[in-house]
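Only one chain is given next, in structure tokens, and it is the form predicted on its own.
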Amino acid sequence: MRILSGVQPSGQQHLGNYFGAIEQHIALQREGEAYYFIADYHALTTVQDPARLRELVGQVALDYLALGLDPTAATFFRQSDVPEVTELTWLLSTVTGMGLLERGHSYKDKLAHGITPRAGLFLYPVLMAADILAYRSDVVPVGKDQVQHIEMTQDMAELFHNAFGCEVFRRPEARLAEGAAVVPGTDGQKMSKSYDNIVGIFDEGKPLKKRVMSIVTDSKGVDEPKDPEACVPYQLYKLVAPPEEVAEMGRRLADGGYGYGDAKHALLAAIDGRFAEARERRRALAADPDSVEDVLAAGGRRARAVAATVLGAAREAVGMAGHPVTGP
């Protein structure tokens, strides 16, 4: 089973990223042949500062490696190190109808939020399909909001096969992460950088304390009984603390005599405990950037060898002579 997922280099990784996706990615690297890429081609639709893009890509690489991605178990690489996906994007675009792309939820949502409708944004699902099909992926772990993109990828593969009378691509299937948490932010909404309500995985000291202590709560006093499930600090505590400690906090909140400030201090300590080792690993990796670059470069070579084979078959199917030049 070949597993594929892309990671947007969009800035600081937070608890929502970890419990919504990263934790599952780390677990899946032992279940099959995992390919994880940093989606820097995709990022160009929003990030057009070269130095900033390089910084964001480097942050994602450090974060994933520090949190447990094993480059001997998974192929970890930059999307742009496999230029075959851009040629495959063009081949797919020649059989993909405008109507299919216009129905994309993500595209319509971005337009509704006032984002300029550039061609790259419109064609985003075709590049995503090329990412998936280039590695003959079997499984793509996604959230519910991304299932449509996998269905669009299936449609594009079928359109290509029907147009050229071939069977080049493997049909990918979406895998919804079982038990993946919807993580509340400091304001009680879903944790998102867009809302500036995040708690960063690698925050420490005063910045972390400021975030945790800013979590919204109701106005109940220390002595009043409280509903744990309506308490954001408790909801986050459930993700980072041992079950017996979670149960204890729940009892104390329900009984009264335990304030929201107490819960926040316990949450702060639990976050520190949960990610202390990852923070140390990240500091060590940041001090040795050449080793991180070696991981990405090696992953890119392995991924490119697979993509070149698939692209070669696609080129042959459409009537193009020979195979693409893949470089050294």
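Worth saying up front: this structure is predicted, and the values here are computed from it rather than measured. All residue numbers are counted from 1 along the displayed sequence.
The form predicted together with a small molecule is left out here; the points below concern that form.
Mapping the unseen interface onto this chain, P242 falls outside it, with no heavy atom inside 4.5 Å of the small molecule in the model of the complex. Heavy atoms of H14 reach within 4.5 Å of the small molecule in the model of the complex, making it an interface residue. Taking the partner from elsewhere, T309 is found to have every heavy atom lying beyond 4.5 Å of the small molecule in the model of the complex. Using a 4.5 angstroms threshold between heavy atoms, M191 counts as touching the small molecule in the model of the complex. Among A163, V182, M98, L111, the residue placing a heavy atom within 4.5 Å of the small molecule in the model of the complex is V182.
Among E102, D145, E173, D255, the residue placing a heavy atom within 4.5 Å of the small molecule in the model of the complex is D145.
Picking from 209-217, 224-232, 68-76, 137-145 the stretch near the small molecule in the model of the complex, with a 4.5 Å limit on heavy atoms, gives 137-145.
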